[in-house]
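In the block that follows, a single chain appears as structure tokens, in the form predicted alone.
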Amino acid sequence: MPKHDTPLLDQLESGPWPSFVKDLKRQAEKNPACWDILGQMEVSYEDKITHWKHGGIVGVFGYGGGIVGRYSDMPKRFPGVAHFHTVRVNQPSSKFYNTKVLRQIMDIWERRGSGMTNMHGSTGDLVLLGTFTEELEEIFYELTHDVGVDLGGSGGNLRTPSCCLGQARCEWSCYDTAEACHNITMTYQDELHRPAFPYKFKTKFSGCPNDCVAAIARSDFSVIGTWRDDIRIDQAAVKGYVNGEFPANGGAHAGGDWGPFNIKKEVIDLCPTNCMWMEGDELKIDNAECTRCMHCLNVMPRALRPGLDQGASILIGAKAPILDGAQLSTLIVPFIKMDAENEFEEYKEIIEKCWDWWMEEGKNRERIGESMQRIGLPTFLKIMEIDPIPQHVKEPRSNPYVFWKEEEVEGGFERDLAEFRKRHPM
């Protein structure tokens, strides 16, 4: 296949950053079809429109997801990309690959595809970019039989679950994210490969509130590790930080030396709920006011640790659409135990209840967060059989037209207040 003149794309090689154009040209020396990728992209830059068209229904036998079909609308001019299907490969938990598996996958893709990959898509998945329809079944067979990996999710289904490094590598992780991600992936194979939902559904597992997989910003069902007892404090280590015995920020200062560590300036004054203070040389924390922001633990890791009663919070409804703007997930269940011995039973009860309602009530191409917004959080909480708590309140009530149920008026408030105090002793 001939090389194409690409003056617009060539400009992308001139900057200080790594260039995908340079990578594509290097790959084209081994796979000439990549010249046609560059050629069609140059035309798209000139015309200011895409020349890819969605492929509709294309995939492998028995699976409704895992293949993103795509065709060129200029196949005669660029025959190397007349078909340009994407294969999504389900990544291992925490993306712990070994080199043998990676080499096997790359060997298949060099022989049967463009050789281009995306490591990784935003949901997860090792994304293999660009192959012809007649290669799909062969690729699927070799991936599953020779390598032992499966396809990921696409379409209106459970998208490939993904997780952070968790307890394998991280000191903050409050549950085994890798085990949770693997268990859920294996349990819900039907939901993953055979689309039956109104639209896509993403679940991500973060071991702590640092949320290293950005679950709260990008997943419909976020599982964020947390604790419900007190933060553990090593007062001797606190004194060590105050006295300058430990280098602040592990010795790594962005932008130069920040000077001596100042616990008031760098920790206490930055607490979002002002729940920390010093009494003499001891650090005190009002744990009832702590929102688990992780700042103090990140700054003083020798002195502060998560509590021992560990589990996860469930937040629902994030998405990041281009036109509407990002929507963060909403806290629904403050705490569940993420118990591998019980096969993550609490998690599964909640997610299946979500799916049962959403598949009945969700509109076509409506994410579950949009369905929640449409019916309102109070109604969603009733559907989920969850008692409202203060953390569910976005702002003080501003609507004066509030209609009370009879049982709420006749002594209901006093009864509810007594029940709340019993469940949340001061």
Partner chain sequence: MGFDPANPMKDRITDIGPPHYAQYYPQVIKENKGKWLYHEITQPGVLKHVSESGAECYTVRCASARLISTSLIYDMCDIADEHCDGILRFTTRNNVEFMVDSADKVQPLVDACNAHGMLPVGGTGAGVTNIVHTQGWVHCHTPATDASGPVKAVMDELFDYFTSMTLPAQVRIALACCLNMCGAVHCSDIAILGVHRKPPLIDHDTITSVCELPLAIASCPLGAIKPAKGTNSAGEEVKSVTVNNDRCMFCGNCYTMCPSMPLADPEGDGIAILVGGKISNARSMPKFSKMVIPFLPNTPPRWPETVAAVKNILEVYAKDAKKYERVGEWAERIGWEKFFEKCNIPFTDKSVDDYRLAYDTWRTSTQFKFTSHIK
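Note that the structure is predicted; figures quoted are calculated from it, not measured. Basically, rigid core = biggest C-alpha set you can superpose within 1.5 Å across the two forms. Numbering follows the first chain given and starts at 1.
Beyond the structure shown, there is the form predicted in complex with the partner chain, which is absent from this document and is the topic of what follows.
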> Taking the partner as it appears in the predicted complex, which of 280 to 288, 331 to 339, 192 to 200, 348 to 356 has residues with heavy atoms within 4.5 Å of the partner chain?
Replying inline: 192 to 200
> Of Pro209, Gly311, Gly155, Gly307, which residue is found within 4.5 angstroms of the partner chain in the predicted complex when only non-hydrogen atoms are counted?
Replying inline: Pro209
> Using heavy atoms and a 4.5 Å limit, would one call Glu137 a contact residue for the partner chain in the predicted complex?
Replying inline: yes
>> I'd like to know if His182 sits close to the partner chain in the predicted complex, meaning any non-hydrogen atom pair within 4.5 angstroms.
In response: yes
>> So, Trp172 and the partner chain: in the predicted complex, are they within 4.5 Å at any heavy atom pair?
In response: yes
> Could you tell me if Ser72 has a non-hydrogen atom within 4.5 Å of the partner chain in the predicted complex?
Replying inline: no
> Honest question, do Met372, Thr379 and Ala418 all end up within 4.5 Å of the partner chain in the predicted complex by heavy atom distance?
Replying inline: no
> Which residues from 28 to 67 come close to the partner chain in the predicted complex, meaning a heavy atom within 4.5 Å?
Replying inline: Lys30, Ile37, Met41, Ser44, Tyr45, Asp47, Lys48, Ile49, Thr50, Trp52, Lys53, His54, Gly55, Val60, Phe61, Tyr63
> Core-aligned, is the CA shift for Gly62 between the shown form and the other one 2 angstroms or more?
Replying inline: no
>> Does Trp52 move appreciably between the shown form and the other one, meaning a CA displacement of 2 Å or more on the superposed rigid core?
In response: no
